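Before any questions on binding or motion, here is one chain by itself as C-alpha cells, the form predicted alone.
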Amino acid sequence: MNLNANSVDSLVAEIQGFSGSSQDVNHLNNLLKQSEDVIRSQAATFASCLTQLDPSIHSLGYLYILEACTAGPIPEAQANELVLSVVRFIDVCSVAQIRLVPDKFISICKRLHEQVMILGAPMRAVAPLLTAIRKIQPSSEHLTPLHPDFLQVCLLSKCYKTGYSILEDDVYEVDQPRDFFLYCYYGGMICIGQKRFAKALELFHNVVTAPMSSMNAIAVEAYKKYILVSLIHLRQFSATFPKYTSSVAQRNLKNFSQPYIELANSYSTGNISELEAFVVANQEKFENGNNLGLVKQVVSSMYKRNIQRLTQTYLTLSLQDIANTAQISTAKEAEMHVLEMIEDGEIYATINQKDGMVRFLEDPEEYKTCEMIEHIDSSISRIMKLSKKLTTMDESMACDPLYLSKVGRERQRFDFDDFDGVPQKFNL
C-alpha cells in the first residue's frame, strides 16, 4: 500500500475495514507488513489512533501499532499507562488474529514483563501472562518464550500455586533451549515454594542433564539446588551423572559447586554437629548464592533422616531415646520433628503424650479407596500417553536425514556376525 500524507488515517481505515473474515484478516496482514516501516517511524502518531480501534475486533492492526509504540525506550511517566494498555489488549484480543504474527504478540508481552519488573510490581503481570500463554500456545505441550517470564513473576510475587498450574502440563515441544533451561529452573524454585520437592527435583534434573555445548550459569545454579533438594527430599545425593548427561556438564558442574558437593559429603556421615559446623564455616558462600534457606532445610532433614531410620529397627521408642539417637537436643524438639514427619506422611506413628512414647506403624494405605483408584487410573493414562508420544518421536527421528547421516558416519565398520574379535569402534 502506497502511504501518503493521509497514511495514518488510511491505515486505520484499512484496519477497520479488513478485520472481519479470515480472508480479509490475511489480506490486512500483508498490508500491515508492507507498512511496517511507516508504522514504526510514525509510532507516536499511530499511538493516538488506538482509541479508534477495538482491540477485541481489530486485534491484528492494534497489535502492529502497539508493538511499534513499545519498541523504543519507555519514559518512566508512561510505564504505568503502557502496562494497562498491554494488559487490556492481552485480555480481549482475538486468538486467531494474534497467531498470524506471534513474534509481535510475544514482543509486547515481554515488554509488559520488563515494565512490571522496573515498576517493582511483578504481580501485575501474573494473570495477563498466563492468559497470553494460553492464547499463543498451539497446545499445552508447547513451551513458549513467555513461560519463563510468567514463572519468574509468579516466583517474585510468591504466587506459587498459579505458577504450578502450568508445570502440570507435559512439555514435548521447545523452540529455544534457553527457554527450557529457565522454565525448569524457575519451575523448580516454585515447586520448592510449594514444598513439592519431587517435582522440583525432576525439573532441576532436566536442566542438569539437558544437551548443552557450553556451560551456562542457569545449569550451574540448577545443579546447586539439585544437590540441596536431593538431600532434603531423598536424604541422600549421588555425585554420579546419568549417562545421557552432556560431557560439558559432567566435566564442569562439580567444579562450580564445590561447597555443595562438600555439604553432601558431610551430610552422608550422619554427624549433625559436623554438618552444622560446615554450614557455619561456609555460610557466606551459601548466602551469596541465595541458598542459605535451603541449606538450613538440609540440616533439618538430617534429623528427620535419623528418625526415619529408627522406624526400620524399632516398634516403640521414647521421645528421649529418639532425641539421643537422632542427635536432637531435647525430647520436645524430637517430638516436633516426629509430628512434622507424621503430618507430611513421611512416617506413620502415634505419640502417647502421657508417657512420651512413640509407636511406629505400618503404612495404612490399602489402595482401594475411590480417590486412590482415580489417582492410579490417571497415572496409567498419563504413562500410556507418554509412551505413545515417545514411540511417535522415535519413529520421526528414525526417518530424520540428519540423524541417519550422523548414525551412518559412526556406524561400526564390521559386524560381530562376520568377524570374531573385531573392536567395537575404530579411530581411523
Partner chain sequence: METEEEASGQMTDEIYTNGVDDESLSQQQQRRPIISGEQLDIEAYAALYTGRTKISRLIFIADKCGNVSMQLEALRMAYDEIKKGENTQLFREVVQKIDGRLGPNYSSDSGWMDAVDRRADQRKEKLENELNAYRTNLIKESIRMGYNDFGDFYYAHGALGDAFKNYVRTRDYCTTAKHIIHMCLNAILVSIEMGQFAHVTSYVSKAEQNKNDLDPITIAKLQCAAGLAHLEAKKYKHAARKFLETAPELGNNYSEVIAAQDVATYGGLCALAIIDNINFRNFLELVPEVRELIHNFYSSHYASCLEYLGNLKANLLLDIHLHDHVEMLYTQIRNKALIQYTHPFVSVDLNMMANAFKTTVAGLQKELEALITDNQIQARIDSHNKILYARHADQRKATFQRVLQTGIEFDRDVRGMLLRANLLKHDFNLKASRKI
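The model shown is predicted, which means the values in this text are computed figures rather than measured ones. Rigid core: the largest C-alpha set superposing within 1.5 Å between the two forms. Numbering follows the first chain given and starts at 1.
The same protein also exists as the form predicted together with the partner chain; that form is not shown, yet it is the one meant from here on.
Contact with the partner chain in the model of the complex, judged as any non-hydrogen atom within 4.5 angstroms, is confined among 215 to 223, 130 to 138, 303 to 311, 287 to 295 to 303 to 311. For the options A277, L315, M123, L119, the residue carrying a heavy atom within 4.5 angstroms of the partner chain in the model of the complex is L315. Exactly one listed residue, out of E395, E374, E36, E365, brings a non-hydrogen atom to within 4.5 Å of the partner chain in the model of the complex: E365. Contact check at 4.5 Å (heavy atoms) against the partner chain in the model of the complex: none of K104, L112 and I342 pass. Heavy atoms of H27 never reach within 4.5 Å of the partner chain in the model of the complex, leaving it off the interface.
For the chain shown alone, C399 is not a contact residue for the partner chain in the model of the complex, no non-hydrogen atom being within 4.5 angstroms.
Using a 4.5 Å cutoff between non-hydrogen atoms, D170 counts as a contact of the partner chain in the model of the complex. Although the partner is absent here, F180 lies within 4.5 Å of the partner chain in the model of the complex, judged by heavy atoms.
Within 4.5 angstroms of the partner chain in the model of the complex, the stretch 197 to 227 places a non-hydrogen atom from each of K199, E202, N206, T209, A210, P211, taken in sequence order. Once the cores line up, the CA of N30 ends up less than 2 angstroms apart between this form and the one not shown.
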